[in-house]
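Read the single chain below, which is given as structure tokens and is the form predicted on its own.
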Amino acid sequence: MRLPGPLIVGGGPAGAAAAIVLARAGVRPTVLERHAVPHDALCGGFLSWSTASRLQHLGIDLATLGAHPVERVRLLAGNRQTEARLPQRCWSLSRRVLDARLLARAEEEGAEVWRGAKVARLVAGGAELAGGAAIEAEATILATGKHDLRGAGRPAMSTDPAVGLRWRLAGTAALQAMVGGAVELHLFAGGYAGLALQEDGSANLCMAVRRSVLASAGGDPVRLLERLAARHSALADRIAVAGSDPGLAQAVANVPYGWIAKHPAQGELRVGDQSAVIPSLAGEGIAIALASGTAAGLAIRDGIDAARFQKRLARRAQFPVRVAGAIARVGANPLGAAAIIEAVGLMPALSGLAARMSRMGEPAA
């Protein structure tokens, strides 16, 4: 089957942004989204001010969607904690709500969305669906997030790669009072966890941890969470006041934090986590998804080839990814985590500086 316009594999924020931009330009893309109904993705519930701005340009208003406002960042490690004001207002919103609205917006602009369409692999000039059907297109945008397609995988960045885990904590009044209008970063040896309230009052608990740390808990995410709670009272307090067992975690293995795409296949434009994987504690993953998806749509509109597009995007992503990676490495060491908390406690403006340095700027004119 030959499509009349570009093919977008993946209907998350990056794929939807590309679809919106292309449709606005009069180019009708086809988006293949593997989930038939809205779902919660593993991470991305925290939306920075740069993300909010990019969403506004795409026609998405976070306040209208009921997003929870976030004004402060709270850092916790062991028995230490401190907090500081964020440079600008941020938000927290479930991926289920955000992704559904972005895809609906793409359809409103004129994009075609195939829900429940599972892609087996990319092929030259298009993709092959799980059932074996081949789809051809003049350009292909790869927007599958942290999940790799066969034949289009990203290389490992470490012999001890990261594993992503996510739990949803019930939104009790006690938990809402404890977390409030802050995004929390719980730092521990070998990883970190982010916690923020969402639009329905529940809390999104996302964790990035080295595979060896998970292995030390027998490979069981629930056991790992229990062990971390036993060592970190603040995390234990939040789980306790949630009032119910957090249950099984969503998980994704071998997340290549720090990887940046530079040499795509012919006609293939990589966006989102398929283009640059920033450590999640920076809270910039969705902004990079939106920025890269938007840039891909503009590149196709303007006739810019995939290689040139990817090199430009890599240059934009390099600095924030490096900054976030350095902070994540320091924070995953107990002494480093203590030093970060001490420094931010003495100079709260440091947290704002780090936040600004890990934002992905606009392309040079």
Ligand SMILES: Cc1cc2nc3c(=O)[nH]c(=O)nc-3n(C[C@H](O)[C@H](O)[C@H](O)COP(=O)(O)OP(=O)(O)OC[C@H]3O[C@@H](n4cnc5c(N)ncnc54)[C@H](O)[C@@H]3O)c2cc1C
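In this text, residue numbers run from 1 along the sequence as written. The model shown is predicted, which means the values in this text are computed figures rather than measured ones.
The discussion below concerns the form predicted together with the ligand, not included here.
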Inset, instruction - State the residue from C43, A324, A337, I60 whose non-hydrogen atoms include one within 4.5 Å of the ligand in the model of the complex. - result: C43
Legend entry - Residue (of A111, V255, L197, C90) lying close to the ligand in the model of the complex, criterion heavy atoms within 4.5 Å: V255
Inset, instruction - May I ask you to state whether R238 is within 4.5 Å of the ligand in the model of the complex, using heavy atom distances? - result: no
Inset, instruction - Using a 4.5 Å heavy atom cut-off, state whether L313 contacts the ligand in the model of the complex. - result: no
Legend entry - the ligand contact at L269 in the model of the complex, heavy atom, 4.5 Å: no
Inset, instruction - Consider H186 of the chain shown here, and say whether it contacts the ligand in the model of the complex, taking contact as heavy atoms within 4.5 Å. - result: no
Legend entry - Candidate stretches 140-148, 172-180, 239-247, 82-90, one within 4.5 Å of the ligand in the model of the complex by heavy atom: 140-148
Legend entry - Residues within stretch 58-90 having a non-hydrogen atom within 4.5 Å of the ligand in the model of the complex: none
